[in-house]
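First, one chain by itself: the form predicted on its own, in structure tokens.
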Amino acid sequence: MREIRQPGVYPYVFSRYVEPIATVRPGETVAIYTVDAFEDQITSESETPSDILGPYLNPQTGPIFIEGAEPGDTLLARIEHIEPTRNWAVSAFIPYFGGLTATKFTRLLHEPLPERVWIYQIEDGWLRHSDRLRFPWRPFLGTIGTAPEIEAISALAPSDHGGNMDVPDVKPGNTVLLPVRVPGALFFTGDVHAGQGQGELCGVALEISAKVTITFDLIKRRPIAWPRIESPDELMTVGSARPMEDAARIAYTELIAWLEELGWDRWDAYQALTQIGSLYVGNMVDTNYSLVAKIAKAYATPSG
């Protein structure tokens, strides 16, 4: 299996103007190496993030050129495995960043939260900082996406290309479906999390560097407007926007569109999601909020 590592500088944008670092064929499985959201710069609880970090967060590995991908196709990225490449994870409070503090988008007059770093040791399927701060290993890709058609979008921002969605269902065993808007799709990923609660409340999950094994494929001439996720048991769609209710509306509308593709009447789909659909918050801290709408395949598919 081929390994893909970032040569030189990591990109901090999703963009068609970044030179590809590798080419992958549909059906090929590759191992992609990523660094954490801080580019592995925070290594000790005695460090102060604002003294170390500059304006850039969420370095990406990529872009990866997908052979044969053309605008109007859908890229499939099946996440096979996520393995940590070190034995610890890091979380932190960052000034003016997070769900319960003033930010550049929510301006208030109070002082920033105190800066603090937590280091979690990874051992026997758990991450442990203390007896109280001890959580199971639940890895997923915080950031995954393709290049937008025209603009360059910050690696901190989720939108219809994917990006920094921070959705825990982007995990091993699931397939992420992404829109192809430029030749080769130009796939990026990074910001791997060893675990995270819904919402990523303080803005920093259990951040790790990782080896991510992904199998790529294409659905030709079938465009999608927003990212989708398929698990063995569920269909999911992701909407990213502010305010949060707009993200919810995007996610549910896109899920109705998916059900229509499967043969549903639109209004039956609307009724079904009202009665049996579910919705959760991926992140409530980024430039856009990401919400996930889902339905069990037992209800969604013709055999259900």
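Remember, predicted model here, so these are calculated numbers, not experimental data. The first residue of the shown sequence is 1; numbering continues from there.
Separately, the form predicted in complex with another copy of the chain exists; it is not shown, and the next lines address it.
J.: Please identify, from 146-154, 184-192, 68-76, 212-220, the stretch that has a heavy atom within 4.5 Å of another copy of the chain in the model of the complex.
T.: Looking at the partner contacts, the answer comes out as 146-154.
J.: If you check in the model of the complex, is Gly173 within 4.5 Å of another copy of the chain, heavy atoms only?
T.: Contact with another copy of the chain, no.
J.: So in the model of the complex, does any heavy atom of Pro59 sit within 4.5 Å of another copy of the chain?
T.: No, Pro59 sits far enough from another copy of the chain in the model of the complex that none of its heavy atoms falls within 4.5 Å.
J.: Is it the case that Asp169, even though its partner is missing from this view, gets within 4.5 Å of another copy of the chain in the model of the complex, heavy atoms only?
T.: Contact with another copy of the chain, no.
J.: Under a 4.5 Å heavy atom criterion, is Arg86 part of the interface with another copy of the chain in the model of the complex?
T.: No.
J.: At a 4.5 angstroms cut-off on non-hydrogen atoms, which residues of 86-120 are near another copy of the chain in the model of the complex? List them in order.
T.: Read in sequence order, the residues that approach another copy of the chain (within 4.5 Å, in the model of the complex) are Ser91, Phe93, Gly98, Gly99, Leu100, Thr101, Ala102, Lys104, Phe105, Thr106, Arg107, Leu108, Leu109, His110, Glu111, Pro112, Leu113, Pro114, Arg116, Trp118, Tyr120.
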